[in-house]
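This document opens with one chain alone, in structure tokens, the form predicted alone.
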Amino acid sequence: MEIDGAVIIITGAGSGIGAATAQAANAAGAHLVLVGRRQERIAAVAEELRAARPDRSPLAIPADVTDSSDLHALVGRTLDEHGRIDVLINNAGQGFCSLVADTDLDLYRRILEVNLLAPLATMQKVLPSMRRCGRGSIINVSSGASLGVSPTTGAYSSTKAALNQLTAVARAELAPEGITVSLIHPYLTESEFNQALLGGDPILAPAVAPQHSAAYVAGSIMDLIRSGDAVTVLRPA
């Protein structure tokens, strides 16, 4: 899909991969809808984007992606402003680290809501618009953690593994309607993710394979929108 002129919703747009993706898409000429729980953060990102490209005016919509009424309002406002939705980037995520034997089930339910149920609910909300247009692109941001076995990541990586399967099935189901569903597996990335863990010690990148920049991941997301490929795996250097 061509990014210039596309209407793109990005969840988790207030920092990290989401903010970097917004910057890349803005530079490419997209009409952006920035979504996040912290209104001041997404508003600040939107202001930076307007300064960088005055011919575009991104929307900053505070929303909790686990709240159905917030998602309904998000889609409604986007359609009121632009009349369509071309791309959804499900980037918002949450994690915690714990041994399987010690995993707090309440925390697990919380990250299931953010990492799995929210992307599904958001896909369902945007699909009517994409179906009317006969085209669309959905990018689900997974994790390299879901492709391997690393102690203390069982809860987090299992939510992402479920997202992987959901994405693959959605891709097969929606392809005949002209809607492309793709998946990206970032490696450890410069972001606030580790600072926002619900508990446990974060997994740190080794010196021999430093973490990726958020801008690098954002560039790969832009490539995935354009290509429509099924999966992109970002590997450590």
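For every residue, the number given is its place in the sequence shown, counted from 1. Keep in mind the model is a prediction, meaning the values are calculated, not measured.
FYI, the form predicted together with a small molecule isn't displayed, but the following is about it.
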| query | finding |
| --- | --- |
| Contact residue in the predicted bound form, from 92, 126, 74, 138 (heavy atom within 4.5 Å of the small molecule) | 92 |
| Residue stretch of 51-59, 35-43, 22-30, 164-172 approaching the small molecule in the predicted bound form, non-hydrogen atom distance within 4.5 Å | 35-43 |
| The small molecule contact in the predicted bound form: residue 220, any heavy atom under 4.5 Å | no |
| Interface membership of residue 107, the small molecule in the predicted bound form, 4.5 Å heavy atom rule | no |
| Exercise: residue 68 in contact with the small molecule in the predicted bound form, heavy atom 4.5 Å | no |
| Distance check, residue 188 to the small molecule in the predicted bound form, heavy atom within 4.5 Å | yes |
